[in-house]
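There is one chain below, alone, in structure tokens, taken in the form predicted on its own.
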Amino acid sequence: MKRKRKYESGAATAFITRNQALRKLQLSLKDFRQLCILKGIYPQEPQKLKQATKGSGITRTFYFVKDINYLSHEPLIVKFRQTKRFMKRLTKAVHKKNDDAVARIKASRPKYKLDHIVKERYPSFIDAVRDLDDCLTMCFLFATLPTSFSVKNRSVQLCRRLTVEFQHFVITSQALRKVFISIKGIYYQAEIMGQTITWIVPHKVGYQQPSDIDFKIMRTFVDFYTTLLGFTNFRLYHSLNLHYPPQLQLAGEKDETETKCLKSEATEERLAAMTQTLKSMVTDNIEDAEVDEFPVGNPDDPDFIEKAKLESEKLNQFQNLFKGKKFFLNREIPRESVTFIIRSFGGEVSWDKSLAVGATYQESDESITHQIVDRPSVEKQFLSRYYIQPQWIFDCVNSQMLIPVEDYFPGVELPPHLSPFVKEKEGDYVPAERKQQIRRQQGIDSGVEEDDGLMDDDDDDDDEDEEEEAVEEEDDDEEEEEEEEEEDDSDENSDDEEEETPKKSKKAVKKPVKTPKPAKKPKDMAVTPGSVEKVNLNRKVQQQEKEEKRLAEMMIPKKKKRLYQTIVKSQTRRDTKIQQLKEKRKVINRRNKLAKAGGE
């Protein structure tokens, strides 16, 4: 029997250090890092660190041995070695000042493609769509960066073209679902082929390149992500029968584009404007054709079918939220983001033709329904349109309906911009604005008559009001019983007085009620009419639930009692936090009321 030696199995053989991997692949650290990023291989932390280090205990960077063996067969390694040889030849020719040799060597620079890596990492197209979150975020970031030594112009232009193509697909398919403005940028969420994709677009502000970021690593990610996004755009466009590269349906505006940009950039600028429809490969009008209905799930259940139809109608209504509306943007508005949102929900957008390429109508058009401004006042106004601030567009999308425009007029203090990505759980604190938004969606509150800035404490303290109402009802019941008894006594003892002065007698009867009852001794025995005992059902149900909870707590075994106590503590801590938020909201509401009263 062969003796089993130490560190010959298990974690000692399953992991390999980074230096060992470099020696095995015969690559530099730069090429090895680039290869790992492209292939999607990352360092691993072994559970048994002592066995992986073979008893040394020194902290190292580990990889799986099977991953390094997988990398050893990658064709890109040959390209990396050819590039290394190319740089040596080029450096030698430059030092010799041989210009002919330098030009000849530069023409033979080795090039490589990443198509096969995309196919390896994403066997099916739905896998690529599911992994678009980081891809879109990185591409939108590089599309806004200025060119520099570390950020090449070719990468910026490529990211810009691919992101504009993806935005056109979202507009045509009406796949946008949520938007939110934050300090980092604007968050978007779209639903493509049943997959939820969320990405962030940075604000277009002054940029200063940070010194603590390695752009070489980011460039490697961008090289892979641009290849992935190019494949994805191609498949997505063909799924909607659109030409790829995209083509505009209308040619128009040749004279204007020639004066504002080069002829080679005219088509790209008009595409980036996102105000025109893309050309389709199908000439027939498919929208008017009737669509066959195929039952999904349980076709025998009528409730399920009816529910699916209602959800489909609701989604169709949401996708055409701005259909029939014409918007005009002032020059201070972030044009690209607002245009993308309005066009995704069926609206029409334009701006001043002197501002940028792509304007379809001018400010004097009387068919404009909304003009978006971001300044305190507008000098020249048209009575046939609304003047609103840009936040109205975002809040309408998140509310999934057209909300009243009174709170978004120029110069008006805007309501809070609520995040659509927050889902309140049972027992969580829900702001008053969120409650009003839910009521609007349910059709309970239109929001026109109620002022958001003057919302009283009633919305914040629903539970407290219910408890107070229950206590008041109990007190009212007791007072009614006492009044009935007093009226019976007064009927027996003072019939003559009631006939003469009924109003005064009632007041006189109420005074002796304050004296204790034992002091009153009836002269003769009398029979008083009985009254039905009134039982407070709410209090009875609460007492029964409290008793059941107490008995259930007694039946908890000792092993799980500590866990139960931890849960109760967390719930108490959450309730305390919610109460603090309610008190804070009360103070803010009172302060706003006083400020408004003082201003008036």
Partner chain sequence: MKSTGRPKPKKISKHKKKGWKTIDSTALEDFLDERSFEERTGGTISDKSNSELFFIDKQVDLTTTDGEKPNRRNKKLRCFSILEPDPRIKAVNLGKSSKSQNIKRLHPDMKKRKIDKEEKLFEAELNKFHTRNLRQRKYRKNAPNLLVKDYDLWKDLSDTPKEGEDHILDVTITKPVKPPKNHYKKPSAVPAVTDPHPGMSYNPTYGDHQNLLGKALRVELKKKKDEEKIQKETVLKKIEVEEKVKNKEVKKDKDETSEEDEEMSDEDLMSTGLNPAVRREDKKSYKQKQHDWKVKIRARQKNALKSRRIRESEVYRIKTFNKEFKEKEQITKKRMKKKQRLEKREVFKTKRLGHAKFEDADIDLQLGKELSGSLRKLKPEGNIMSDRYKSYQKRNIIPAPAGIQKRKLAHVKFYEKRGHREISEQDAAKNKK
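Bear in mind the structure is a predicted one, so any value in this text is a computation, not a measurement. Positions refer to the first chain, counted from 1. Under this definition, the rigid core comprises the largest set of C-alpha atoms superposing within 1.5 Å between the forms.
A second form of this protein, the form predicted in complex with its partner chain, is not displayed here; the remarks below concern that form.
Legend entry - Site test, A190, N320 and V405 vs its partner chain in the predicted bound form, non-hydrogen atom cutoff 4.5 Å: So, no: the whole triplet misses its partner chain.
Inset, instruction - May I ask you to state whether E348 is within 4.5 Å of its partner chain in the predicted bound form, using heavy atom distances? - result: Answer no; every heavy atom of E348 is more than 4.5 Å from its partner chain in the predicted bound form.
Inset, instruction - Consider I588 of the chain shown here, and say whether it contacts its partner chain in the predicted bound form, taking contact as heavy atoms within 4.5 Å. - result: Yes.
Inset, instruction - Find out whether any non-hydrogen atom of E265 is located within 4.5 angstroms of its partner chain in the predicted bound form, and reply yes or no. - result: Flag for E265 set to no.
Inset, instruction - Determine whether any heavy atom of R104 comes within 4.5 Å of a heavy atom of its partner chain in the predicted bound form, and answer yes or no. - result: R104 belongs to the contact set for its partner chain.
Inset, instruction - May I ask you to choose, among F125, F86, F382, Y361, the residue with a heavy atom within 4.5 Å of its partner chain in the predicted bound form? - result: Contact check passes for F125.
Legend entry - Sole residue of D428, D223, E269, D133 within 4.5 Å of its partner chain in the predicted bound form, by heavy atom: Of D428, D223, E269, D133, the residue with a heavy atom within 4.5 Å of its partner chain in the predicted bound form is D133.
Inset, instruction - Counting only non-hydrogen atoms, choose the one of 78-86, 312-320, 397-405, 412-420 that falls within 4.5 Å of its partner chain in the predicted bound form. - result: Selected stretch: 412-420.
Inset, instruction - Just give me the residues of 118-152, first to last, that have a heavy atom within 4.5 Å of its partner chain in the predicted bound form. - result: Residues within 4.5 Å: V118, K119, E120, R121, Y122, P123, S124, F125, A128, D131, D133, D134, T137, M138, L141, F142, L145.
Inset, instruction - Answer yes if the CA of K577 moves 2 Å or more between this form and the one not shown after aligning the rigid core, and no otherwise. - result: It does, since the K577 C-alpha is displaced 2 Å or more between this form and the one not shown after the core fit.
Inset, instruction - For K559, decide whether the Cα shift between this form and the one not shown is 2 Å or greater, given a superposition on the rigid core. - result: Yes, its C-alpha moves 2 Å or more.
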